[in-house]
Structure formats: structure tokens, C-alpha cells
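The form predicted on its own is given below as one chain in C-alpha cells.
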């Protein structure tokens, strides 16, 4: 019997109508990139937001800015907001065979309101792919031998995701979207990079032994527009450019994207995912590096920049925990009972 007290929302997309202040006002322009090519967006990262979990973290990227402020609602801007909780390590059930290593399980889920098109409550193929990529990146991070017959669950909820932008939805080089909220192309790469970074912060907050911290980085090959501040001037004759941390809504034509999970202290890559056409990438003259290596190096550079934010957030969280533990610790002049 159906629950008559519950009002189900519409299954299709719900878009708020836009009203201009006056008919003479110009239409809303799409956002454009104002950052230099080798600069990533500002990152907000905070740990310890979920007391009931062993470890938790929240990550938010700076949203793209419109070239001119308007009085109407702008749907072209997009940001990235992720939350992650870690549960464990905890003993495995008796029915599970003995494992000398820690069993890691990653679960990535989009919130129903994460994109312009409403997401379903059942995980689709894109969410399963993200879970596999995140799990692969985190396996090279944990020291699993110290937790035999134990398991840990990493749950990532995407509160707001980046859309694929005009380069993917309007018949750009990425192809056509699959209708699943416009998150099957370039926007998925930025989401994966943020998932790896926020999951690494949550695992460190849980106190699980790790060999290093993994940070995500994204680099893309875009075609420069013929006219500044416009997204319709890009043509096949325009020069190509490599940018770090691309926002899909800020570029009209994205040719290729590479996302990596990088361990800076060990100088290792635990996860890599590339997509697009990499022919004719801009590089140094006389260099023997292939097109793939050029794009990979830029993605690693973006991951190193993200690692700086990750280190600062964990350092701040550790100092806060030490300040809370300070009143409980005896001072150097006091004697502990039973020490004589």
C-alpha cells in the first residue's frame, strides 16, 4: 500500500524561472575563466564534522564567477561540495573468510539535488565507476597489514556537483551527455579529484595508519577562444592550452582531461584516468615527452597544489585536538598517582 502522506517530487528536472529586471537588460553571459592557466581554485577543507563517525571531512571548491553581476538567477555557475565519513576499522562478520589485510569499501552517492537534473535514490553506473576509482586510489594509501580481519567503509556524498558545461552538452568534442544530470563527461573528472582528496582527509581524521596522503589533481587541454570573455569564438584553428583544475562551465571546447591521485611524499600515482584527444598538445620545444606525459605532469602539479591545502587542514585539526587534550594531561611538576 502506498504512503499517501508522502508527496513525491517530480522525476524530471525542475528549473526556476528567470525574470530580467527590464527588457533592455542584456541576457546572462556564461562564466569565463579569470584565473591563470597554472592556478587552481580556492579549496575549503574541514575535518571532524560528523561526531558519530570514526573520521569525517568536508570539501568545497570556489564556484565559477560570472563576468558581470546580474540581478537574475544565474544557473551557469557551478561548484563542488563533498562530504565524507569513515566508519571503522571494525571486525568483520564471522561469515567472512579470514583476511590478513584491511578490507576497504568505498561508496559514492550523488544527492538528489546535486545537479540540475534530479538524481535517483538507486546508484547508477556513474556512481559505481566513481566508487571503483576512489577505492583503487585509497588502497595504495593504507597500511592494511596492521588491521587483519577488519574492514573500513568510506562513504562520500556529493552535495553539489559540477556540470559538464557547453563543451559536453552542446555537441562539443566530448560528445553528447547521457541525460543523467549532465555528469558523464568532464564534470565527472573534477568530482573524482575532489573525492580522493576529501576521502584522504577523512581517513587521516579517523586515525587509520597510512603511508602517505593522496591528493587529487586535474589538468585539461582546452581550445582558446578567438575573442576574450566569449565562449562562442572557439574554433578548430584556435590554439590549444593546458589549464589546471578546469571548470567545465568556463570553457567552450575541452579536448582532453587527465585526473590523478598522487602521493607526494612517496612520489607515486595510485589512480589515473584520462579522456579525450591528446594529439598536438602544447609542450616545450625539443622535449621527448609524449602528449600523454605532458598532460600527466600538469595533473600531478595540480595534485601537489591540492596537497598543500590537505596538509594545512590536517595540521589545524591536530592542533585543535591537542588543545582539547591539554587540560587532561598532567603537567611536568605534578606527580602521577602510583608512580612512587
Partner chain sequence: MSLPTLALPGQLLGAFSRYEPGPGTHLHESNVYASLPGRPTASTSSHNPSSKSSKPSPKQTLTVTRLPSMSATADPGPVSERISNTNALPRVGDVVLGRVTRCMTRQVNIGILIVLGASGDNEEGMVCANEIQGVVRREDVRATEKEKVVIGEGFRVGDLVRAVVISLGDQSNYYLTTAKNELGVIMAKSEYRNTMYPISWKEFKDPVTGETETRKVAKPL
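Quick caveat, the model's predicted, so the values are computed rather than measured. Positions refer to the first chain, counted from 1.
FYI, the form predicted in complex with the partner chain isn't displayed, but the following is about it.
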Problem set entry | Triple contact flag 89, 208 and 320 to the partner chain in the predicted complex, non-hydrogen atom at 4.5 angstroms | yes
Exercise. So which of 127 to 135, 242 to 250, 211 to 219, 103 to 111 is the stretch with heavy atoms within 4.5 Å of the partner chain in the predicted complex?
Worked result: 211 to 219
Seminar exercise, completed: Picking from 159, 155, 269, 204, the single residue whose non-hydrogen atoms come within 4.5 angstroms of the partner chain in the predicted complex is 204
For this session: Identify which of 305, 274, 291, 54 has a heavy atom within 4.5 Å of the partner chain in the predicted complex; exactly one of them does.
Result: 54
Exercise. Do residue 45 and the partner chain share at least one heavy atom pair within 4.5 Å in the predicted complex?
Worked result: no
For this session: Find out whether any non-hydrogen atom of residue 79 is located within 4.5 angstroms of the partner chain in the predicted complex, and reply yes or no.
Result: no
For this session: Indicate whether residue 315 is a 4.5 Å heavy atom neighbour of the partner chain in the predicted complex.
Result: yes
For this session: Mark residue 150 yes when one of its heavy atoms lies within 4.5 Å of a heavy atom of the partner chain in the predicted complex, and no otherwise.
Result: yes
Exercise. Going by the partner chain in the predicted complex, which residues of 90 to 110 come within 4.5 Å of it through any heavy atom?
Worked result: 90, 91, 94, 95, 96, 97, 98
